[in-house]
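Presented as structure tokens, the chain that follows is alone, the form predicted alone.
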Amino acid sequence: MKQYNFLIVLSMTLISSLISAQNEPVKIIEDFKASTVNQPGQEYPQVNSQGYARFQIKAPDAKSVVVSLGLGGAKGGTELSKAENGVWTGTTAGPMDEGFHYYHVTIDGGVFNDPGALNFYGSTRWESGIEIPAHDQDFYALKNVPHGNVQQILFPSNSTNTSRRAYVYTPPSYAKEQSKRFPVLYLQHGWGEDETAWSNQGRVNLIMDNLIVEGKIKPFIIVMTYGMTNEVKWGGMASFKIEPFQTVLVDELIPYVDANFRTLANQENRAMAGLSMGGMETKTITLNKPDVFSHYALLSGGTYKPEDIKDKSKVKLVFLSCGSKERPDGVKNAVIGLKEAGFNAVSYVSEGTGHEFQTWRRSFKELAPLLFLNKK
């Protein structure tokens, strides 16, 4: 009986110790360094090896300063504390996901960007950006390798009665191999972003440069253009119409690119991909225009069903991806169904990330080597 009571006491002691350990605050390591996307010479915001972020804002007359992290300032906020010198400082309550994040600062109810950080277009406005070091960041790092060219183009759009902008990535070999033609990927951004997102936030040009020098992909061109209308307000996606953008992309941009760049101008050598809303656009347009694209990729942008695609012979690849914090089972199950129906389908899940650019950077890294295989 005494032994029984001893075991009970021992068990309760262990449980109490575990609860106490769980309730103890995590010790923050003071190895903070300036974020790699700060304004030149700016010390804050900072990040540490655990993924915490620390912010510092000078606002001597303010009564409240809060940093809102995430697309649209989601996830509450980090309240900063004021020192006697009028400088507000604060550290996130916990570590953040690896990779890039948007954020802004709310000072006494007004929304501002952090003067210490570079700005990136997201949430239909220019937001501050912060980069949390990732364990796998080498694949999108700036390295001493041959670099491709990202150039702005303005193409005529009769349907919108204006000139529209796109950015075109051409691989390092494009300028040297004057007789060679290249396949093309049309790559779309997400809701609230624009044609700068994939190169600025996504670092897609650096990912391409690194993959090419490692011999993991055959070089191809990437075209990135604005895929939405400013008249569609936040939360109004149900009223979004694909037809105007489909006309711009298929009837105006693609002919312009084919006429002004050395492309392999046929369906077999043309792909479309997009993240989030860009995935929705990709799905709709690829199904509407099966004679235009042969490679489809949705990055956190939904799935295809076998019955969605009328002519299987026209589709060379279906790639579906998302973060592990999203709905990975939906992506995996969709690919299982596509494979059973005879499609060349691939799924990818980014571990430890959600609806964010680290998911899409990793997804692109997995997608790129699968595009335009066995093409001259």
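Numbers for residues come from their place in the sequence shown, where the first is 1. Every value quoted in this text rests on a predicted model; they were computed, and no experiment measured them.
One more form of this protein, predicted together with another copy of the chain, exists but is not displayed; see below.
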query	finding
Location of another copy of the chain contact in the model of the complex, chosen stretch of 212-220, 292-300, 131-139, 146-154 [non-hydrogen atom, 4.5 Å]	146-154
Contact flag, residue 39 vs another copy of the chain in the model of the complex, heavy atom cut 4.5 Å	yes
Proximity of residue 28 to another copy of the chain in the model of the complex, heavy atoms at 4.5 Å	no
4.5 angstroms heavy atom contact with another copy of the chain in the model of the complex for residue 83	no
Residue 176 within 4.5 Å of another copy of the chain in the model of the complex, heavy atoms	yes
Sole residue of 264, 87, 93, 107 within 4.5 Å of another copy of the chain in the model of the complex, by heavy atom	107
Listed residue that, although another copy of the chain is not shown, lies within 4.5 Å of it in the model of the complex (heavy atoms), from 341, 346, 59, 34	59
Sequence-ordered list of residues in 85-123 near another copy of the chain in the model of the complex, where near means a heavy atom within 4.5 Å	107, 108, 109, 110, 111, 112, 113, 115, 118, 119, 121
